[in-house]
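One chain follows as structure tokens, the form predicted on its own.
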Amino acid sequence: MSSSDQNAFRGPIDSSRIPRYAGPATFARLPRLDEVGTADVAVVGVPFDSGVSYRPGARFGGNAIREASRLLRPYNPAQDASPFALAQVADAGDIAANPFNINEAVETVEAAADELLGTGARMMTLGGDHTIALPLLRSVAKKHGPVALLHFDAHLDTWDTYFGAEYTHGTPFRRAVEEGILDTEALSHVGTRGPLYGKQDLTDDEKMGFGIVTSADIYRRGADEVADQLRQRIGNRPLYISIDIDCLDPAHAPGTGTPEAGGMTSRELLEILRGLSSCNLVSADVVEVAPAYDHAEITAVAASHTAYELTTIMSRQIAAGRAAR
């Protein structure tokens, strides 16, 4: 694609002409998908939190992230890229999932993801609770085969059931391993910490193929070394990144359903993601933002910047792919 073609991408509203606080909130003030027809990266919300085990409210997370993203600007100096000039990024609105029937909601999210990915877009999903990662992974795996997974979270999310329910925000990655949609040679939890039900949780997790980088590991070793370790584990496999905002310490993300002390900083999370820019990121999600517990949009701001870094990585790779043709 030529530079003139790239200039045809429709980007954010010009904040020097229309104040950031004016008008409806789309992610980063980007156009809606129906305004551009097709997109290389579709930012989509899933307002669903019926799978939570403690504090509800993540159903409002997507719109909170959109509101906080009004302050994002079109050039990303950390990655030396203008993501919205490199690829068409658009806000695809929300996937309306049944809040009273988890099984039906999972099916709805999967079908909607199938439709978006079928257009050739990569997905940047704004949750919602972590239950939605399973149908998103199912859809991505239909296109790419079993994918590498980086799971940023305070918790493992590989438990078997809660109250007999197979689909909850604490079970998606066990189901994904059981269904064969993850590449078990390239699975990692990042940022885990806090008490568990028992040591068996870690034993089961290891048997599934997960490596673990705790928040204490990040503190001791630093973001660059951790990112290097993760890159080596992933290699050139298609990669899905799933980010529960509670991977951050409650000082950096109070607005979430299951906070745990001792987490990473927002700076550490962003630096690790920037260190993964060479990985083949096929889609991603940011989940568990619960604005009712947020203060001064701290959590939503962190989540919006996280989604921005992920979107930048995808846009850069899309542009590089076009240039190589």
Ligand SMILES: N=C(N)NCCCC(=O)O
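Note that the structure is predicted; figures quoted are calculated from it, not measured. Heads up: residue numbers just count along the shown sequence, starting at 1.
A second form of this protein, the form predicted together with the named molecule, is not displayed here; the remarks below concern that form.
(request) Check, residue by residue, if 162, 170 and 246 all come within 4.5 Å of the named molecule in the predicted bound form, counting heavy atoms only. (result) Every residue of the candidate spot has a heavy atom within 4.5 Å of the named molecule in the predicted bound form.
(message) Only one of these stretches, 118-126, 89-97, 148-156, 214-222, has heavy atoms within 4.5 Å of the named molecule in the predicted bound form; which one is it?
(response) Careful reading of the contacts points to 148-156.
(request) Give a yes/no on whether residue 258 approaches the named molecule to within 4.5 Å in the predicted bound form, heavy atoms considered. (result) Looking in the predicted bound form, residue contacts with the named molecule include residue 258, since a heavy atom lies within 4.5 Å.
(request) Consider residue 265 of the chain shown here, and say whether it contacts the named molecule in the predicted bound form, taking contact as heavy atoms within 4.5 Å. (result) Result no; residue 265 lies far from the named molecule in the predicted bound form.
(message) Even though the partner isn't displayed, in the predicted bound form is residue 277 close enough to the named molecule, meaning a heavy atom within 4.5 Å?
(response) Outside the cut-off, so no.
(request) Using a 4.5 Å heavy atom cut-off, state whether residue 63 contacts the named molecule in the predicted bound form. (result) No, residue 63 stays farther than 4.5 Å from the named molecule in the predicted bound form.
(request) Pull the contact list for 106-138: residues with a heavy atom within 4.5 Å of the named molecule in the predicted bound form, in sequence order. (result) If the 4.5 Å heavy-atom criterion is applied to the named molecule in the predicted bound form, 106-138 yields only 130.
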